[in-house]
Every structure is written in C-alpha cells, then in structure tokens.
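Okay, so here's just one chain, in structure tokens, the form predicted on its own.
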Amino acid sequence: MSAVDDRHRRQVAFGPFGSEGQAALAAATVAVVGCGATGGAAAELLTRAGAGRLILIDRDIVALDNLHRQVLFDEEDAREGRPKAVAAGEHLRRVSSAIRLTVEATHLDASNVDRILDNVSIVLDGTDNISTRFLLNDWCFETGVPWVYVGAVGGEGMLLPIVPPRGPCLRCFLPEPPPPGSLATCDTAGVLGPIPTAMGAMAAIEAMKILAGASQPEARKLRTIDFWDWRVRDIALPPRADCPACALGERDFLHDERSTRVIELCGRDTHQILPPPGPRLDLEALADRLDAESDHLLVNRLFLRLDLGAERLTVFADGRALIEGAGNADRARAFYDRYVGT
C-alpha cells in the first residue's frame, strides 16, 4: 500500500464512504470562502481527508484576538499581520504535500466570483457577513454548485447543506438581509473558541457526504446547536414557493444590485461603506453591543463613533459608515462587518 493510500486507509474502511467516496474527494475542488475560524477548521480537515484541490479566499489579516478560535494561525502570523489566505495556505502545505492550493487574498464579490469559483465542486461558508452568503447562494443556484452554510457566534452554531437546483436554500429561511447592526457578531456577542472548530468539522463532513453522493434531500435541515446547554434542533425547512432565489430565480446579489459598496475617499486613509438600502440602523442598540470594545464610544441620534487604536468607525443611522485608518478597502469592509455586521 502506498504512503498516500495508507494515510486515508481508516477513512476508506468506513463503508458508507469507502474507496469511491475517497476518489470523489480526491477529484474535487473545494472553495473555502473565509479562512478564519469555521472555514479554517473545515479547510484543514478536508486537506487531511484527502481533498484534491482547495481554493482559499479571505480578505483579512491575522490578529492576536483571532488565535483563540482560528486554528490555522499562530502568534508569528499575528505579529506580522499576515493575510489569512496566505498563512492558511502555508500551514496546509505542511499538512499535506499532495494538496493543490489556490490562494486568493481578496474580498469575494459579484465582480470576481465567476473567476475565483470557476469549476469548483462545492463551496464552504467561512464568511463573517450575510451579504457574501447571499452572493454565494445566488451564484450556487445560478451554476448548480452545492454549498454549505455554517455559522458560529456566542455559544451556538448553525449549519445548512444546500444542493441546487432543489431547495431549501439560505433565502428560504432568511428571504432578505437584516438591517446593518441587527445581527450579533463574534466581536459584539463573543464566541467560545471550540465552537467554530466544531461547526467547521460538521461542514467538512457535509461536504464529504455531498461529494460522495451520500447526502439525502430529506436530511438537509437547518441544524442549530446550543453548545453551552447542549440543545440540538433540526429544523425542517421545506423549499418555499416564494423563495426569491431557489423558486423565483432572482439573482440580485450576483448582479451587484444589493451588494455593499466600499469607496475610497481621496486624500486620506478613509473608506466609505454603503450598504444596500434598508431600514434605519438602531444606533443605541449597536452602542450597547459595542460598549465593551472601547472607552472611546460616542453615540447620538445622528451617528455612532468608535475609536479602536489607529482605526475609527463612524456609523450613521442609514447604515452608511466611514472607516479611518484601515489602509485598504478589504480591511475597511472587514472592519465594518466585524463591528456592525451585514
């Protein structure tokens, strides 16, 4: 038995997966959108499992407060502020010399999604914002590529495997994006470090099942797990006849009609974030969630301002924001998603 075969022999010995499942995984190209906590865990496990090729997509850099939950990175990565996609790729190459990697240290949006995800077999969600997830949902239903939605915040996680052309899909249970600031993020609600790893492991298993042809439509439910109180719920989610994406074929996010836009303001290190039109932002509620982040928090009926070291966030009631000191558009967008959420 060769060294490569020997590496995966215990996995192949599991009858429902077997040699055919292993061959399908080895032939697959898996796109991981977001290489931080859930995405990083899934990427490492699929590398170890024998995925043929991974496309690693992430716009952010490694920071010290990532390390309690983002398993691909270490203190040196944080000190150097290395791009997450690059650091993840170097780690995974040490895990497996056989893995073929494509690294995309950029923000995935409607302008580049076709190029970056060209010919992928499946997409795994490691993102930190709802607008990118809506884009992925549109793109996957446009192209027929399956994807796995996964999230983790606080003490909870959720997961939904999505296999076009049949629903359910992301917009079957979340037809429209909630307004900016209305969803908890890891920076406003915290997150227990092991939970994203657990959810990333579940996403990797779902990917292996889909690639092996073992995922059954009746098993595609929205699973939510409260890890703190050990409550697990499987929520039946029948495809909605009025779902904008999987039933009506709308592709607003793929055609950039509903995307968040970032504009660099001339002459200073400031970027303006323009979210899609929607309800006004509850600045007081956002201030309550951000209160522990900084002693330099100002809020009134017109705007909220948060100072965090070299970076300043100013958010207006219509969701528009100014990010000072981020350095580039991808960092500005990541900063907005981290503290406001979209």
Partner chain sequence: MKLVLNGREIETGDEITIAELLRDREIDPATVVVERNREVLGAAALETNRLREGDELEVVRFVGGG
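Positions refer to the first chain, counted from 1. Computed from a predicted structure; not experimentally measured.
Omitted from view is the form predicted in complex with the partner chain, to which the following refers.
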Handout entry: Contacting member of A37, L290, L304, I55, with respect to the partner chain in the predicted complex [4.5 Å, heavy atom]
Key = A37
Exercise for the section: Sort through L101, L237, A198, A189 and report the residue having a heavy atom within 4.5 Å of the partner chain in the predicted complex. Expected result: L237
Problem - 4.5 Å heavy atom contact, V150 to the partner chain in the predicted complex - result: yes
Exercise for the section: Indicate whether R231 is a 4.5 Å heavy atom neighbour of the partner chain in the predicted complex. Expected result: yes
Handout entry: Distance check, T143 to the partner chain in the predicted complex, heavy atom within 4.5 Å
Key = no
Handout entry: Partner proximity in the predicted complex: T224 to the partner chain, non-hydrogen atom cutoff 4.5 Å
Key = yes
Practice task
Report the stretch among 155-163, 201-209, 111-119, 72-80 that approaches the partner chain in the predicted complex to within 4.5 Å, counting heavy atoms only.
Solution key: 155-163
Handout entry: Residues T127, L170 and P178 all lining the partner chain in the predicted complex, heavy atom within 4.5 Å
Key = yes
